[in-house]
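Below sits a lone chain in structure tokens, taken as the form predicted alone.
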Amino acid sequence: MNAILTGGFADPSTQSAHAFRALLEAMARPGRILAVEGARPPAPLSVAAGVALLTLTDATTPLHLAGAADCEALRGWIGFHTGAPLVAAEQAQFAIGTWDALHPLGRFRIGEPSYPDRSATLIVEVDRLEPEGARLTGPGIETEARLSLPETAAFRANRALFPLGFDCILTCGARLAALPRSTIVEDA
């Protein structure tokens, strides 16, 4: 069977509900790492990145593919499973790629003072996702959390823009964590 037609949720209503709950939990509890399942996107995407795309994107959510994620197999898979329009970084509600591929970050929407929700969410594929490293504090974190981040300076600069800024979902294998713009990030 054509790879474009496979890899979506086998039981879309149930699996998308579970995935949406996991993504909500991750955003509400920054630094908490959650396991997800159900997607088998084409390389180079992880299961968790595929789950995030299947759950959060549709024909009304402009998506930017950065770096190696901008490939024919993934374009076809997204077109078939979500219908999300593929756009330049400046127009994206969602963007996916490695941390390096998503740079420069200044090209993504950060919202407007009257509409801070008109910002981008970056789905960042990382090689490592562990509860260690940078110190996280802020809304949704009782005392502190730790999370392996690709860097801290960009996240600190993003927090300084609050209530504007981008939100991040970090994915690795079948696990994900989130870092909303409201999270205070400090070096380990």
Partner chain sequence: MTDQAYNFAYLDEQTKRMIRRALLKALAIPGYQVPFASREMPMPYGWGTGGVQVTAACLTPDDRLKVIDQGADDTTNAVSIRRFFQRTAGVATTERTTDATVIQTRHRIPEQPLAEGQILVYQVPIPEPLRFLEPRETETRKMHELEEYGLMHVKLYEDIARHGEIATAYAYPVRVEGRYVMDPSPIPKFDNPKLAGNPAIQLFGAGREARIYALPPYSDVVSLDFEDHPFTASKADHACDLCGSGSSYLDEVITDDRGTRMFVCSDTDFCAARQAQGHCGRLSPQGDAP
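These numbers were taken from a predicted model, which means no experiment stands behind them. Numbering follows the first chain given and starts at 1.
A second form of this protein, the form predicted together with the partner chain, is not displayed here; the remarks below concern that form.
Please tell me whether the candidate spot formed by Ile33, Glu130 and Arg146 is one where all three residues come within 4.5 Å of the partner chain in the model of the complex (heavy atoms).
No, the candidate spot makes no contact with the partner chain.
Heavy atoms, 4.5 Å, the partner chain in the model of the complex: which of 34 to 42, 64 to 72, 50 to 58, 149 to 157 makes the cut? Say which one.
Within 4.5 Å of the partner lies stretch 50 to 58.
Could you tell me if Pro12 has a non-hydrogen atom within 4.5 Å of the partner chain in the model of the complex?
Pro12 belongs to the contact set for the partner chain.
Is Ser46 close enough to the partner chain in the model of the complex to count, meaning some heavy atom within 4.5 Å?
No - in the model of the complex, heavy atoms of Ser46 and the partner chain never come within 4.5 Å of each other.
Does Asp117 reach the partner chain in the model of the complex if we count a contact as any heavy atom within 4.5 Å?
Output for Asp117 is yes: heavy atoms within 4.5 Å of the partner chain.
Taking the partner chain as it sits in the model of the complex, is Thr6 near enough to touch it, meaning that at least one heavy atom pair lies within 4.5 angstroms?
No, no contact at 4.5 Å.
So which bits of 12 to 43 sit within 4.5 Å of the partner chain in the model of the complex, heavy atoms only?
Pro12, Ser13, Thr14, Ser16, Ala17, His18, Phe20, Arg21, Leu23, Leu24, Glu25, Met27, Ala28, Arg29, Arg32, in sequence order.
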